[in-house]
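Form predicted on its own, single chain, as structure tokens, below.
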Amino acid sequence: MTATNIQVTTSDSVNQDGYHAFTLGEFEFRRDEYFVYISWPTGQHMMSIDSFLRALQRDVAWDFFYGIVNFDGVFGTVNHYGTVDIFAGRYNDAYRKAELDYSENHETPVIREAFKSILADWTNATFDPFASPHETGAAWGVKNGDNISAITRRRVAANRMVAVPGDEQIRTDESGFPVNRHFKDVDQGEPILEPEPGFEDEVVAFSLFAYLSRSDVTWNPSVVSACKDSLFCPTTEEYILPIIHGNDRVEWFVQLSDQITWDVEDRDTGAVRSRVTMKAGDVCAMPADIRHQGYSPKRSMLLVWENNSSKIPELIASGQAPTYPVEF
């Protein structure tokens, strides 16, 4: 269903727990103390509210990311880079066979504002959906204020590289970002540079490990360097990746510290493909026809290498480019 002209509707009244309900096209969203309830013309679904808000936060912050953002095995979005599909059961064999699946397409600004409105109303003052469970309060309970400052964090996106004049600078204790409890052993020293006179703004460097050790968010890749379409997007990971990411291009992963275990499934059916355990120094590529979710028992550092070219999804869909990165 195409619904590009449909606007989000917020209920005028609140429920007994203090929350508004929302409608986007034929999708309806409501929450209580523990759960979110999603309904559409052919079915309905429920999720734990903390899991939903963590996934919703990333979908909004990443502007719907590359390809598919599955909130779980039923609900999610597909980015078409100008419009976005919102779906239920589309990538779930059981829902499709039972003809319960449903999808709508909306212009990106419409769904973006709808999701921002839900996130703002449903995130209480005690909860930070970007933080690890150890670092935030609970998402549950009746309406209790809001946490606008947490849910509107600016995603770091360097135009050239962190530390280049004009790009994001190194975080320090004075800026409010202390070293994370799991990274107390990370050397905070920075590279010593001795550029020739006149090249002070052209020769720059920074310690990526020190930079990441001060990250106050989890599972939120930020662009620290860009060379045309080649982006280095490191992140710190702890607990569970809140979404199941369905690729529309190859992603390279470089495990910088500690360990992450990845469940890898077929992108369209959810059939299990593999389980990948990455330890510090390991490198792997996630193909363009899979979806994946990571588990990090301790806060770890991961470098994600992305090709940002807008041409890749069509090249892969048309068979002009492979779904895998290397042929051995």
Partner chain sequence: MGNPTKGGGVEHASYTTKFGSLASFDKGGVDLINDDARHYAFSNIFEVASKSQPWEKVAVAKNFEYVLEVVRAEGTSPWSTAAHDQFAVCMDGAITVELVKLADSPLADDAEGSVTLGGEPEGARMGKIHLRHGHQALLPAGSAYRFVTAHPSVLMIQTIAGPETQFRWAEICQTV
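Since the structure is predicted, the reported quantities are computational estimates derived from the model, not experimental observations. Numbering follows the first chain given and starts at 1.
Absent from the display: the form predicted together with the partner chain. The rest refers to it.
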Stretch in contact, per heavy atom within 4.5 angstroms of the partner chain in the predicted complex, of 149 to 157, 115 to 123, 94 to 102, 250 to 258: 250 to 258
So in the predicted complex, is the partner chain close enough to residue 166 to count as touching (4.5 Å, heavy atoms)? no
Contact between residue 48 and the partner chain in the predicted complex at 4.5 Å, heavy atoms? no
Is there a heavy atom of residue 90 lying 4.5 Å or less from a heavy atom of the partner chain in the predicted complex? no
Can you tell me whether residue 82 touches the partner chain? I mean in the predicted complex, with a 4.5 angstroms heavy atom cut-off. no
Stretch 205 to 233 - residues with a heavy atom within 4.5 Å of the partner chain in the predicted complex: 205, 206, 207, 208, 209, 224, 225, 226, 227, 228, 229, 230, 231, 232
